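The chain that follows stands alone, in the form predicted on its own, written as structure tokens.
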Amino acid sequence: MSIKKFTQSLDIDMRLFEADIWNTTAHNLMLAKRGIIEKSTAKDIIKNLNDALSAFNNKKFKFSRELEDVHMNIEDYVISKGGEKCGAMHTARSRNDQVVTDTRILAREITLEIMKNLLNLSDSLIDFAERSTVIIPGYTHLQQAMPTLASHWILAYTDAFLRDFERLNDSYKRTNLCPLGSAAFAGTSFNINRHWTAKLLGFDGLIENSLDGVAGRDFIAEILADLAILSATLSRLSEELILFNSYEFGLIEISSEWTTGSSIMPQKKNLDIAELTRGKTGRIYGDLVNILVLLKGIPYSYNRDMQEDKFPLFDAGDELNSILKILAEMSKGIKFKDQEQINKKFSHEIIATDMASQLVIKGIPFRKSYNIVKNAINKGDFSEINKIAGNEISKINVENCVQSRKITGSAGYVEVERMIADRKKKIEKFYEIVEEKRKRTEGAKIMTKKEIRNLCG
């Protein structure tokens, strides 16, 4: 195997193509504005960059495997079309700051796409909660514990996903900073304007230290950590859907379009989407470990190891987006069984905690109440409880257990209704955050096009 073949990164780098065109366009607009290169040269460079992008979008751009990455392929194209003078396009820049700038542009796009799809799933789960008014068994240690509302269970996952959104939104601040102008690692002696190129590229500010600019990949590690946490919750949701869909639990029904059959057993309705989500979580964890191990032993500058930083980011981002999209759609095809069917699933002991609470109301300390109920359950004799609480115990059922829960966040009707209304407002606000960020990016692209017109007339 040749060194060129071993070191080339073209297959993964192709995804950077559009970002690299924008990056290089902004850089050359700045070079012309600062008088570092001739305006006529900048015009030719930018025209050929646009031609390269058009060819790429039309699948007509011819990549050379002799050139090790997407950046050199684009530069070679521009020089071949515009002549030797277009070699000025790389003035005051290195591939070190070029590639990390491209990667940050892609990272913010991936983050915003996941944030949007996460909100779509949360929105779908709110709809699911609103139509799930039944009381179901609640579990601890995978054993029936207390009666709860199906909608309360769904809201728990919704809240977890909204925290995932907040984590990604917070990491976006550290992702959307511009390293362009760091050059190889020590900056450049040319009088460039880093703030202006950062603005043209839609960044919120600079990675100021030029060494940190080319060396830092913690933004990828942070995004992947956020995605690993998100994956864990998606996997837990998937696991519960698999359990609830089983004959043994028998709590939910799922539309056949979201299940798969067996090659040999005609009755099977397998929830393969949930199982694959659970399985893909391990892959996403692997992407996080990949970047952490990649970074742990390299000096704080650019090292060729960093060529491997994009695969885990792209892989985890792609997998998460596909999972979020399909789960948002699948949740529309899930419903809980009717209350009469679910009532058959309750154990007799599921109201034990509420029995103990009733004894506390009668003036018995909780620990003694606990032991009285525990002994009654073990013996199958509730006569002692009846003597103390009278008819109150016989009135306890899953319905009034749920009705009695009124404190903040509890699994009672009033609180669940309040939480649903609150989460709707929060999701709406979060959609606005995503849209604002997208508008800022689009505004930067419009600004870049305006500067191109100013230059080219």
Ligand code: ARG
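Counting begins at 1, following the sequence as shown. Remember, it's a predicted structure, so these values are computed and weren't measured experimentally.
FYI, the form predicted together with arginine isn't displayed, but the following is about it.
So which of 202-210, 221-229, 329-337, 305-313 is the stretch with heavy atoms within 4.5 Å of arginine in the predicted complex?
Residues of 305-313 come within 4.5 Å of the partner.
Using heavy atoms only and a 4.5 Å cut-off, determine which of 195, 116, 95, 269 is in contact with arginine in the predicted complex.
After the contact test, the surviving option is 95.
Looking at 90, 108, 71, 152 here, can you tell me which has any non-hydrogen atom within 4.5 angstroms of arginine in the predicted complex?
Answer to the contact question: 71.
Hey, in the predicted complex, is residue 99 touching arginine, heavy atoms inside 4.5 Å?
Residue-level check for residue 99: yes, a contact with arginine.
Would residue 9 count as a contact of arginine in the predicted complex, using a 4.5 angstroms cut-off between non-hydrogen atoms?
Yes.
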